[in-house]
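Next up: a single chain in C-alpha cells, the form predicted on its own.
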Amino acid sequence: MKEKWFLTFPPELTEEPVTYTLIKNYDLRINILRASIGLNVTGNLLILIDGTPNAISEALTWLKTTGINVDSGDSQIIWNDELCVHCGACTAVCPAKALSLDPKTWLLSFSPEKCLACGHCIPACPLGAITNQKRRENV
C-alpha cells in the first residue's frame, strides 16, 4: 500500500528524526519527494510511503501525537494553457518530467500521469498558470 503525505513541522520539531522513526519503528519505505526543513522554522516534507495498511495507520497515529500536521499529499497540479506563455521555466524544476517543451513547436505539454504533485512548478511559473488542487482533506 502506498500513500503520499504532506507533513508540516512546527519550528520546535524540526530537529526530530521523523523519517528515521517511520522507517525503523513502523517498517515503512519512505521516498522524499520534496523537503523544506530548517532549524527552528516551520518545515514541510512531501513523502511517498509504502508499507502495510496496519503499519501506515500506526505511523499516522504516532505522527498526530507529535504535533506534526499530516495532510494527504493527494493533490493534483492544474495547468492553465490559456495563461501559459510556454516559457518552459516549470520544466527545469519538474523532477518527473511531467512538464516538457516540444522541441519542434516549443509548446509546453503536461502529462498528469507522470506528475508527482510536488509543487515545484507552481512558484517557477511567472504567470501563475500552474496551481494545485487538493483531492481530499486531512488524512
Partner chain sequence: MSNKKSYEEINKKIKEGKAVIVSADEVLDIIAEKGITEAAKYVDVVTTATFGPMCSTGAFLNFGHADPPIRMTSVTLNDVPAYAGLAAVDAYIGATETSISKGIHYGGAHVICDLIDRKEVRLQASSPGTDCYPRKSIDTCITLDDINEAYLYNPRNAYQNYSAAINTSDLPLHTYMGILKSNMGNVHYCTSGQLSPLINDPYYRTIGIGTKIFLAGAQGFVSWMGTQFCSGRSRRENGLPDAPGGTLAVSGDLRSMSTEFIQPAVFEDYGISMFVGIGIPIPILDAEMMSNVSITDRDIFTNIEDYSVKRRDKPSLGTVSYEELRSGFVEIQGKKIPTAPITSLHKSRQIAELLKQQIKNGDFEITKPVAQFPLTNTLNTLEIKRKGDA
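None of the values given here were measured: they were computed from a predicted structure. Residue numbers count along the first chain shown, from 1.
Not pictured, yet referred to below: the form predicted in complex with the partner chain.
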property	result
Options 57-65, 35-43, 110-118, 22-30; stretch whose heavy atom lies within 4.5 Å of the partner chain in the predicted bound form	35-43
Heavy atom of residue 129 within 4.5 Å of the partner chain in the predicted bound form	no
Contact label in the predicted bound form: residue 70 to the partner chain, heavy atom within 4.5 Å	no
Proximity of residue 89 to the partner chain in the predicted bound form, heavy atoms at 4.5 Å	yes
is_contact(residue 85, the partner chain) in the predicted bound form, heavy atom dist at most 4.5 Å	yes
Stretch 99-127 - residues with a heavy atom within 4.5 Å of the partner chain in the predicted bound form	101, 104, 105, 106, 107, 123, 124, 125, 126, 127
Inter-Cα distance between residue 65 and residue 119 in the predicted bound form, nearer or further [3 Å or more]	closer
Note on residue 121-residue 33 C-alpha separation in the predicted bound form, which departs from the shown form by 3 angstroms or more	farther
